[in-house]
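In the block that follows, a single chain appears as C-alpha cells, in the form predicted on its own.
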Amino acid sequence: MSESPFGDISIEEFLRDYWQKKPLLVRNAFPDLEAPVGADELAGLSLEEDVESRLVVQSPDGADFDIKHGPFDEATFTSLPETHWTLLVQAVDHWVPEASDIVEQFRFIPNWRFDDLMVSFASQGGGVGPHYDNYDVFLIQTQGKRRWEVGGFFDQNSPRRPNTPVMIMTEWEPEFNWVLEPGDMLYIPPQVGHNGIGESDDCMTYSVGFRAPSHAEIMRSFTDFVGEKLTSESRYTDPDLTLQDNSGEITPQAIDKVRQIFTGYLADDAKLGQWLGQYVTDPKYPDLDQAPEEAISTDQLRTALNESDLYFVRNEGARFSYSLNTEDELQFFADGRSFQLSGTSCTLAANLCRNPAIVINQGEWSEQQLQLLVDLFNQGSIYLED
C-alpha cells in the first residue's frame, strides 16, 4: 500500500469517503516539497509555442475579467498591473521532468484517469472567480498563500455571469473559507464550486487534475472506432418481416433489431477493451511529435544490452495502461497504440505502467520484449537516460 498523502486518513479511507463526494483539506500534506518550477521558469514556459498557457487579469472589484492565451512575450509581463492577475500553464509535467515526481504521489488513481499538472502563479488578489470543474483536482500550495472559498454543487444550469471569458458563478455562498500555505493540499471533487484568491504577491499552486470523459465523448469515440472497421455490407436486416397494418409504423420489432446492433458491439469485450485502452491513452497533445531523431532496431537494442544496462524513462507526457486477457496475456496501451503481449512481456509492460523509469539489465530478452521497447522508443513514449 502506498504512503498516504492525507495525513491520518488512509488512501482507502480517502477513496471511500471523499473521492468524488466531498472536499478535503490536508494541512502540511507535503512538508518538504521542493517545487521544481518557480515564477521565472513558469513565465518562461508560457513564452513557448507548444505550451498551453493563459493569463487572467481582473479588476480589483472583480467586475471585469480579461483573458489572454499564450504564447506570450516578455512585454506581456512587464505591462501587468501590480495586483489581481494570474498566470496558468497546463501540462507542466510534460515539459519539466522533475514535476513528474509530484504526479507519482497520486498513482493510487488509475493511470488513465490522470490529465495533467497545471501550475498557476498569482499576484495579490489574483484568481479566476468562483467556478466549478468537471474533473477531480488536488491543489497543492508550493509558495505564498492562497485563500480558497469552497462549497456547493453546480452544473450547466447554474446561473453564470454573462460576457466573461471564464464560467463565473453569480450565486456564490461558500461553505468553507481556508487559507493554504506551502505544503497544504486541498482536494476538490467534480462540480464543487471553488474560488482561489492570491493572498500574497508570490502565490503558486500546483493542480493535479484527473479527467473524466463525458458520455457524449465516449459515445462518439466508440461509434467512430466501430464504424471505421465496418464494411458497407454490414447493414440492418429483416428476413422475418411480416405485413403491417400501416406501413408508416416503426414497430417495436424494428426498434429491437436496431438495439441489437448496438448491444452486439458493446457485448464484444475484446473490441470494447481495445477501444477504451486506445481512447484513454491517446496523448493530450497528439500533434506534438515526440519521436527521436533516429529510430532504432531490435538488433541495435540487443547489441547495446550486451554492452551495458540501459536506463529507460517514460516520456513525461506518455500515457500507459493495460488490461488483462488471461493470466499470461494482456493488451498494453501506450499513447493511443495497442500491443498484444504474452509471457515475460506482460511483466515488462506492467513495470512500465507502474514505474516512471526502468533499468533493462544485460541478459536474455525475448524478441517480443525487445520489439516492445523499440516500438515505444521509436514513437517517443520512452527515451534513454544516461
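Residue positions are given as counts along the sequence shown, with the first one as 1. The shown structure was predicted, so the numbers you read here are calculated from the model rather than taken from an experiment.
Although not depicted, the form predicted in complex with a small molecule is the subject of the following passage.
Put simply, residue 208 is far from the small molecule in the predicted bound form: not one heavy atom of it is within 4.5 Å. Taking the partner from elsewhere, residue 146 is found to have a heavy atom lying within 4.5 Å of the small molecule in the predicted bound form. In the predicted bound form, the small molecule sits within 4.5 Å of a heavy atom of residue 194. For the chain shown alone, residue 123 is not a contact residue for the small molecule in the predicted bound form, no non-hydrogen atom being within 4.5 angstroms.
Note on contacts: among 91, 96, 88, 150, the single residue with a heavy atom within 4.5 Å of the small molecule in the predicted bound form is 88. A single residue from the set 101, 133, 181, 115 has any heavy atom within 4.5 angstroms of the small molecule in the predicted bound form; that residue is 133. Residues of just one listed stretch (150-158, 73-81, 246-254, 133-141) have heavy atoms within 4.5 Å of the small molecule in the predicted bound form: 133-141.
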